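Consider the single chain below, provided in structure tokens and representing the form predicted on its own.
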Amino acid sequence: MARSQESALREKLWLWLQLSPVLLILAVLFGGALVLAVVQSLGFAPWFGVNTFPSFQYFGALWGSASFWESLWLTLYYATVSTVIALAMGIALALALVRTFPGKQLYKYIYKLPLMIPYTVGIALAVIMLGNGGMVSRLAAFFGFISDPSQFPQILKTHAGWGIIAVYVWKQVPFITLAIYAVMLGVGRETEEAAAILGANRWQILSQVTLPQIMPGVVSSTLICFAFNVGAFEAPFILGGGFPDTLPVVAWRYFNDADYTLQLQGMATVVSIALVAGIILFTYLAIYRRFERKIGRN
């Protein structure tokens, strides 16, 4: 008995020893960056001639300004709306993919194309397509819906953020579809067929059978997309409506300022983004865990 415990302990130590190089890299790259960001946001930057550590003055100045809350609202608005729209479209496409229809094999390749295209290309496409001098406005003028392309409603460079949301949705629908489709292939369709035989209608099958089954794919994919959208910089910077900007753009403006001591204010902004995103994602995950326990899954 004692020998088996000793052998198990030795195996566990050997496993940790094998993992130690990877854990060390992760700790230095991610943990070190996080610690550096936190200490700088608390006033520790002697290389800039600033050392007021520990001080919350940068957080106080940031959270005390009305523009911070407006920027936070815009950040969460773009992230939430685009994630919800992409999720609805991803579920619909995944449901279609498990069925048989003409051209399915070709469609399975086409819908993944945005995954291989960088966000910056998507932003350029949004400018070409949705700008006031873009293809959509010119087509609207050509078909007589408007007399001049300049009369086309402004979609880009507004705080409504439809251009930003369009880019996020275009890029993330394939990712969410892929995650949910993989879950659906894993669980199979036997339960849905059994529910149909027992008299359940399509809505009952979707709401009471399919959606609970695909929740792992829904939660994992939306967690990743939402976290990315909260911290995204390029699309809000290029397609956004200007002041007030989203929080990542606000942080970039601090880091890009000629007064390098403002980088501490920028670091407080970055830490604030991480705090807000972490609280929201932790709450989302806790609600999901509670749902899993409620339906008997651990």
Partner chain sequence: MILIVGFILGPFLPLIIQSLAFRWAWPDLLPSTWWMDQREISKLPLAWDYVLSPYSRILEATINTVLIGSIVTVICLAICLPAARVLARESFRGKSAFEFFLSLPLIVPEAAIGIALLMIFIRMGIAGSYVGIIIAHLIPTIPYMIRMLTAVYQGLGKDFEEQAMILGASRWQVMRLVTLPMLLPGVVAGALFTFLVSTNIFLLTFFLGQGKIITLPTLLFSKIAGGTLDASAAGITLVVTLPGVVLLIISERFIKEEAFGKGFGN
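Please read all numbers here as calculations on a predicted model, not as lab measurements. Residue numbers count along the first chain shown, from 1.
Form predicted together with the partner chain: not shown, discussed below.
Interface membership of residue 286, defined by any non-hydrogen atom within 4.5 Å of the partner chain in the predicted complex, is ruled out.
The partner chain is not drawn, but in the predicted complex it has no heavy atom within 4.5 Å of residue 60.
Although the partner is absent from this view, residue 231 contacts the partner chain in the predicted complex, with a non-hydrogen atom inside 4.5 angstroms. When contacts are judged by a 4.5 Å heavy atom cut-off, residue 217 counts as touching the partner chain in the predicted complex. The contact with the partner chain in the predicted complex, taken as any heavy atom within 4.5 Å, belongs to 121 out of 98, 88, 121, 160.
Within 4.5 angstroms of the partner chain in the predicted complex, the stretch 8-41 places a non-hydrogen atom from each of 11, 14, 15, 16, 18, 19, 21, 22, 23, 25, 26, 27, 29, 30, 32, 33, 34, 36, 37, 40, taken in sequence order.
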